[in-house]
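Encoded as structure tokens, the following chain is the form predicted alone, with no partner shown.
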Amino acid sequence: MKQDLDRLMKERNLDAMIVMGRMNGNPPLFYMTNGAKIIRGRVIKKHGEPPILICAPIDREEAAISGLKVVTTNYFDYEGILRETSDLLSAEVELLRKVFDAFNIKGRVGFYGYLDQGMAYKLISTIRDRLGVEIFGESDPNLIDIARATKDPNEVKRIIEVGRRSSAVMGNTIDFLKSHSIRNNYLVDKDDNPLTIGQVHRQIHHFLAECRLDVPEGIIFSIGRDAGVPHNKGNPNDILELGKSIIFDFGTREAGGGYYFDMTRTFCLEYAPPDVEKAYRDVYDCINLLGGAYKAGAETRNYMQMACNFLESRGHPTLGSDTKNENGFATGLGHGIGLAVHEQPFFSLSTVDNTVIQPGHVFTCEPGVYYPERGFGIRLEDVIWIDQHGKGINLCDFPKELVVRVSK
């Protein structure tokens, strides 16, 4: 949470930190500006002091919505700097020199936010050479990743609302499928043509727009063999055949940028073959086992191991026994949800990803088994919040039903 920033800065011996870049596609800057819809900005925070937002004068009113102290680049005569320097890199460094002087930024300074890698290298190198501060950078998870991982009540409320709308989209999509007729073991549209995955994708996007959501990483709505490859989004030309497993997965976000939700359901139209039904029951039992076990103080890798042990006991290969496994349980168990669809904490068997669960963590639980050569895949995904008492609360109440009946 943001209240942890000073503690995290102290642990890194930081005198100040700066978060910068364009707002679009920059969760660290979005986080620090409380979602202000500015084009680009620079947030300066000294240890023990509130952050300051520096932005272009055209963005000043939108920047004020952040609740931060706002200083426009006019204060530093950025237009004059641009006229006197030969390139944008030098202009940015000169602007930062004036910012650092104005707010007495010195000592050890951490740099955060998303920039093009080449530009970031040149910028940081030039700052180091010209501004006389000690540059601090860190790999993931960095200071802001750790702060973002635990959500305050307002953040959880926004995630829950995105989840509510996401469930509405999923429900509307299933109703859309049910509105079709059956011919020769597949769904047909009003013109008696086979309904395709591409048509369903377009309809889902319509429902998303109605619910003021977007899906930057794309929709997974895949059938049969494609459902057996975890991130296969589906072949637009495939038709909706009865009895084949369909995976419907989307990481939905507040339209235009903001908080995410992530949910998955697997179903078959009209009936499920015995091997699909058996695999579904295994995954269903696994997610129920895990859902009742999450609590603060436990390590994330313990839950991945729990999932591996359970699914292996049901006869599925897993990454727990074979690190190169691509069938059965061949993915991680989950990931954090917030301003990115994949963020801290992560659930795998890697010591690098291992995290102690804390109150405020919000993450997915998504066991699955995948058999592309057998023509099916199964995944179920809920979102878990660790409340202030350290208890896991499931934020996804959409039903888990394998068979969707279409015929009236």
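Residue positions are given as counts along the sequence shown, with the first one as 1. Predicted, not measured: the structure shown is a model, and the values here were computed from it.
In what follows, reference is made to the form predicted in complex with a further copy of the same chain, a form of this protein that is not presented.
Distance criterion of 4.5 Å from any heavy atom to a further copy of the same chain in the predicted bound form singles out 330 from the list 311, 268, 105, 330. The single contact residue among 231, 183, 190, 157, judged by any heavy atom lying within 4.5 Å of a further copy of the same chain in the predicted bound form, is 231. Shown alone, this chain has one stretch from 292 to 300, 275 to 283, 171 to 179, 75 to 83 that lies within 4.5 Å of a further copy of the same chain in the predicted bound form by heavy atoms: 75 to 83. At the 4.5 Å threshold, heavy atoms of residue 319 reach a further copy of the same chain in the predicted bound form. Among residues of the shown chain, residue 25 is one whose heavy atoms approach a further copy of the same chain to within 4.5 Å in the predicted bound form.
Taking the partner from the other structure, a further copy of the same chain in the predicted bound form has no heavy atom within 4.5 Å of any heavy atom of residue 101. At the 4.5 Å threshold, heavy atoms of residue 59 reach a further copy of the same chain in the predicted bound form. Every residue of the trio 37, 135 and 138 has some heavy atom no more than 4.5 Å from a further copy of the same chain in the predicted bound form.
In the predicted bound form, 111, 112 are the residues of 98 to 112 with at least one heavy atom within 4.5 Å of a further copy of the same chain, listed from first to last.
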